[in-house]
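First comes one chain, alone, set out as structure tokens in the form predicted alone.
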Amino acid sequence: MSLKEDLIKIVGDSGVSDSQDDIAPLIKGQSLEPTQMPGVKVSVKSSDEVGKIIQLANDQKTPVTLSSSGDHSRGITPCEDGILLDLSNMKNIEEPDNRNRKVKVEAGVTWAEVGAVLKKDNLMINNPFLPRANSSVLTSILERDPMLNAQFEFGERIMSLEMFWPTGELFRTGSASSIKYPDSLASGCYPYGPGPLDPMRLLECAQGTMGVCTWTNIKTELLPEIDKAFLIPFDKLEDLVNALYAIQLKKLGKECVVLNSQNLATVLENPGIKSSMPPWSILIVLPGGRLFPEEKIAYEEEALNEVRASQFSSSKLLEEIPGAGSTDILPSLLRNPWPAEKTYWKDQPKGACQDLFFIAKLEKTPAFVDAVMKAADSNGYNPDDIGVYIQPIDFASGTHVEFNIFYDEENADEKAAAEKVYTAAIEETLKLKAHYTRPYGKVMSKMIYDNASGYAGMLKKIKSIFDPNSVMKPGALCF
């Protein structure tokens, strides 16, 4: 019996296809990385089907690559003759648990879908910066896309999850591992265990190499009833860094991000901002609580003004964005995915975008920015066209530094220049000790793991323990 016939026995004829026309939309990525065609696509609707397929793949030593949505911004490279496991039809969202502040979502649930459900209960999830509306919530959180709330206590969004090891064995983490869950006193809120091991960490940032997560319990929080937002412009990144440290030290605000003028103009859909605004801006939202919301905002605004007066008095707290209107638009903008009916913001400048991101100390970001801009200039790419997004993490004890290299996919010269800048920027940032926690694609992965051969060897050993037949995305490394 053929692989296709075996898969049909599990999910039915309509769930299996080896047609390139059916598969191509699922593997098309928005990155410079090339892709290749898998042997067969299988679409699942339940955890039971996932377990049977992984067990079949393990028995037959057939490689498996995961797809959870129609968004592959960082590229996807299935194995030829392997299985592309499509999780996008796993759409179940359990009613939000207000008492325990959580919501349970399956792998195919998108940011647009979960947002619509949570808003009915005035709840929200700490989301990453303007995700695509059709991107998977579970995948985004598992891959640790940075959230906009820099406060430490909100940093871990996963409370528990269900997964299948590469051998096909079912496993649940945290208190979801309790007997008879969810029909037990355990609510699935406690994230750690079972036992001294923390298996959840083996799936985070693993890029589908260590197993399949089918659902997860995710932290929710109350959606503020009122907010006050500010845009704080800076001429120099060094001055912004000092200001951001001071703001985060006081634990002010909720959403807090840094954009250069290129990205600010793009997300506000106002090209004129790029030339009319200073090169750097902090976007910060002060939220009102459920009790005394006006008083809370007034208290935080007073504290923010005190910090400004003592640390960055030359900058203003703008409530009007020149040419774009009131900052009242910022809370809604930052707490929602990019509207599905609009061209995605990263595709607006030139049609395609290659992201380069890593973790670093906030104080080192000016040096990283200088290095990447010099790499762009020396490789025929205008540095002013590169977008920069800086996200403080854990009260700015660390920061996510991201460069957006925009290019025209139909222009061979422009695409080649983007590829050169991307490679050169990785080399230069590695010299400055950038910490790449999520090396996507073959180009970056090789450079990162060649730079840490001992660590790569350890990862290979871990992979061989949990995936002895190397069925989950063989050739790729986790974490």
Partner chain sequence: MISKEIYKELEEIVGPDNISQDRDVCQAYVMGGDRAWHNTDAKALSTIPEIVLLPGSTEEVQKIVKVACKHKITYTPSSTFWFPTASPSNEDALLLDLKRMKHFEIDAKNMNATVGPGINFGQLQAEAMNNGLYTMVPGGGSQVGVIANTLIWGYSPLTYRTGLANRRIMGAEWILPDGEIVQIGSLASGEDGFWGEGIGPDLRGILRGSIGWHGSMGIVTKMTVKLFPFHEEKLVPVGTTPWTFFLFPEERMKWYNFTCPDKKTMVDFMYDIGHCEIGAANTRVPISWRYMARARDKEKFHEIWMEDREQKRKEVAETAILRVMLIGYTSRKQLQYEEKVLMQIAENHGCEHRRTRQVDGSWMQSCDAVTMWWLTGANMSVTGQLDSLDCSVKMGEKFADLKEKYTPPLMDDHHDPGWFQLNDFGHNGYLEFMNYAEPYETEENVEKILDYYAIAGPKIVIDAGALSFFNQAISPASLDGPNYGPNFHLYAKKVKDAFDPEGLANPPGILDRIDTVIDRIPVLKAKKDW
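Positions refer to the first chain, counted from 1. Everything quoted here is computed from the prediction, not taken from an experiment.
Not pictured, yet referred to below: the form predicted in complex with its partner chain.
- Stretch 199 to 207 is the answer when you ask which of 199 to 207, 343 to 351, 85 to 93, 314 to 322 has residues with heavy atoms within 4.5 Å of its partner chain in the predicted complex.
- Shown here without its partner, the chain carries W111, S135 and Y422, none of which come within 4.5 Å of its partner chain in the predicted complex through any heavy atom.
- Site annotation in the predicted complex: the residue of L333, L237, I393, I273 reaching within 4.5 Å of its partner chain with a heavy atom is I393.
- Here is the short version: of D384, E295, E225, D328, the single residue with a heavy atom within 4.5 Å of its partner chain in the predicted complex is E295.
- Mapping the unseen interface onto this chain, A367 falls outside it, with no heavy atom inside 4.5 Å of its partner chain in the predicted complex.
- In the predicted complex, K374 stays away from its partner chain, with no heavy atom inside 4.5 Å.
- In the predicted complex, none of the heavy atoms of T35 sits within 4.5 Å of a heavy atom of its partner chain.
- Taking the partner from the other structure, its partner chain in the predicted complex has a heavy atom within 4.5 Å of a heavy atom of M458.
- Contact annotation for 347 to 374: residues with any non-hydrogen atom within 4.5 angstroms of its partner chain in the predicted complex are I359, A360, K361, L362, E363, K364, listed in sequence order.
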